[in-house]
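Form predicted on its own, single chain, as structure tokens, below.
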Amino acid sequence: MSEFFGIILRSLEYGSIYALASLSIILVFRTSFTTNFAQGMIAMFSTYFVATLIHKSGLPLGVAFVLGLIFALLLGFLIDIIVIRRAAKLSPVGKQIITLGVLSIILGLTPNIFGVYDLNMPKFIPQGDMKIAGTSISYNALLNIGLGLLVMLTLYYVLHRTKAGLAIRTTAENAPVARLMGVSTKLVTMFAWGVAGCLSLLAGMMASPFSQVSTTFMNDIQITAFLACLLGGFTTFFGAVAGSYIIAIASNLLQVYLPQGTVWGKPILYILLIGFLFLKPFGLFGKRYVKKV
């Protein structure tokens, strides 16, 4: 029983990382009406910035993290102003192709700016663990779980209890109507890209101590985040979070309890997801919009 509870706790940590990454995708999708395939590269680029400040400038982790959030926010602003805003009249597929171009640009710039070597990222809490229901979990893992939940609850409050959140939801539902109601949709979209960059950086900061900061360390997380969006539904913010935790728990359970689970766990999970999407193509909480003519 303690082993099962330990798997659930580890899954909650991974689920928090996936949820932050998937929320960044949904936030951009609902405001810019495009699937941002470069979101993982944005997270990687911002995390490299933080790691470089720590290793080359000798800044403490907390100070580097705050500067990284500012950097990620500004990076999101620039991408929206310079690239996405000028492609507003393109089709959704055209915008997706543009995000692939942004991905390629960031991937090419990273080694030229930060160097070609992988960098270590320290944990927020380097040492210490505690026992919960017979299983051991590190203080850093508990912080990741709590921080992830806190950010998601804060975002939920902003979206549903503030005027800024109302502007975001109005833009997400119908941008032309939002403009008629006096909502500055350009400003909403710009801040959505900035906040998405910050969420991606936080996911990268939580995930990087498991490996190293490299040009590819966010790839698996980003793929899983897209799957979580599909599972939960691209038309809802809550669905992406729920899908992230479901995938994290299911993946770990399959890898531990399935024979040769480390080999077959993820492929079987992907097959199950494909089968589910055949039955419910709009996801668990997604809505099908019918346009009347």
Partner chain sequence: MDRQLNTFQRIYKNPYLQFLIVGVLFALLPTLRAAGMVKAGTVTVIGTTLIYTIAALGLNILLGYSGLISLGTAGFMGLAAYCSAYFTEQLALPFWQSLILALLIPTVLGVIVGLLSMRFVGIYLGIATLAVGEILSEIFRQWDAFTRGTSGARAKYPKIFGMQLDQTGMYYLIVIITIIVFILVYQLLKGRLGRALNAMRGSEAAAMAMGISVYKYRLIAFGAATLLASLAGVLYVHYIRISYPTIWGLPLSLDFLAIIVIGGLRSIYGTLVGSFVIFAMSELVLKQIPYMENYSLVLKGVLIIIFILFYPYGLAHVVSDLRMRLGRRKTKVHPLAAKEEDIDG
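No experiment lies behind these values; they were computed from the predicted model shown. Residue numbers count along the first chain shown, from 1.
Here the subject shifts to the form predicted together with the partner chain, a form of this protein not shown in this document.
For the options T135, T170, N140, Q96, the one in contact with the partner chain in the predicted bound form, meaning a heavy atom within 4.5 Å, is Q96. Residue in contact with the partner chain in the predicted bound form (any heavy atom within 4.5 Å), chosen from V63, I70, V263, L258: V263. Stretch-level contact check against the partner chain in the predicted bound form with heavy atoms at 4.5 Å: of 191 to 199, 172 to 180, 156 to 164, 107 to 115, the positive one is 107 to 115. Contact check for I223: a non-hydrogen atom falls within 4.5 Å of the partner chain in the predicted bound form. Mapping the unseen interface onto this chain, L119 falls outside it, with no heavy atom inside 4.5 Å of the partner chain in the predicted bound form.
At least one heavy atom of F234 is located within 4.5 Å of the partner chain in the predicted bound form.
Under a 4.5 angstroms non-hydrogen atom cutoff, the partner chain in the predicted bound form has F37 among its neighbouring residues. Site residues G146, A203 and F210 are none of them in contact with the partner chain in the predicted bound form, judged by any heavy atom within 4.5 Å. In the predicted bound form, the residues of 256 to 275 lying within 4.5 Å of the partner chain by at least one heavy atom are, in order, V263, W264, K266, P267, Y270, I271, I274.
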